[in-house]
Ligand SMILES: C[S@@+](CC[C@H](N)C(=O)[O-])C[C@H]1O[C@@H](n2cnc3c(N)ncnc32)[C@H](O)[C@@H]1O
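First, one chain by itself: the form predicted alone, in structure tokens.
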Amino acid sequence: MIEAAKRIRRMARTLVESPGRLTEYYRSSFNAYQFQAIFAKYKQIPPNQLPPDGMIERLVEYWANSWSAKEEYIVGLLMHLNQTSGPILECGSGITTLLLGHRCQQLGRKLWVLEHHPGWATRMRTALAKHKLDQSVHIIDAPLVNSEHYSWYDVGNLPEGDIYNMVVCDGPPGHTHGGRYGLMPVLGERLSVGCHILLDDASRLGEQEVLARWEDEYGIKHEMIGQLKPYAVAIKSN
């Protein structure tokens, strides 16, 4: 009772001294509660089925990150997950890490995630542990390393030997030197023939330049998918 009274007094003091902070606290708590409830329903869906219309959109809304992938891209990831096998590589982490991670756990697959931002990596590890996905999903601390023509993740902590049949390419940030080009020169030999590379933000000029370079230098063709925020599906042919 004493502790409860102290919490009430602290909240009342916060409301008087900084009402914006309290509003943000309740907004954050509400979003977390809603996300948890909808994600619990998502977990009940068999891995060979797509979520019902609107579920992904609501999860993105309550994840409440303006940089999040959108519904079209996430549904595309789930579809291609069922068309591939083996471990998956993700460049950059976020809501896709949780949604794909759960599917990987259902299917007995591993998801390896390159993340350059230490604070965000910590947040994602906390979220994965909260949702009991930390045995199937592994966040790799991977600072960006500069080279002459591009910057890309340091992959020194990525386990050796894995060959990837699917890549989720939603990082590094678009302003990075060379954009997302570095995937192929750094990790191209570890992508299987027929590997599905799903590149988000594909209508942006930087991503268009990356796709053109991949085609010119590595023979990788692509298809643009989606209406609201198109993404590209590129298939490694050799």
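Heads up: residue numbers just count along the shown sequence, starting at 1. Please read these numbers as outputs of a predicted model, since none were measured by experiment.
Below: the form predicted together with the ligand, not depicted.
S.K.: Picking from 154 to 162, 131 to 139, 113 to 121, 80 to 88, which part of the chain touches the ligand in the predicted bound form when contact means heavy atoms within 4.5 Å?
M.R.: Only one stretch passes the 4.5 Å heavy-atom test: 113 to 121.
S.K.: Which of A69, I56, L183, V210 has a heavy atom within 4.5 Å of the ligand in the predicted bound form?
M.R.: Comparing distances to the ligand in the predicted bound form, the residue within 4.5 Å is A69.
S.K.: Which residue among P47, P52, P173, G188 has a heavy atom within 4.5 angstroms of the ligand in the predicted bound form?
M.R.: Contact check passes for P173.
S.K.: Contact between N65 and the ligand in the predicted bound form at 4.5 Å, heavy atoms?
M.R.: Because a heavy atom of N65 falls inside 4.5 Å of the ligand in the predicted bound form, the answer is yes.
S.K.: Indicate whether the ligand has at least one heavy atom within 4.5 Å of a heavy atom of G101 in the predicted bound form.
M.R.: Because no heavy atom of G101 falls inside 4.5 Å of the ligand in the predicted bound form, the answer is no.
S.K.: Hey, in the predicted bound form, is I95 touching the ligand, heavy atoms inside 4.5 Å?
M.R.: Looking in the predicted bound form, residue contacts with the ligand include I95, since a heavy atom lies within 4.5 Å.
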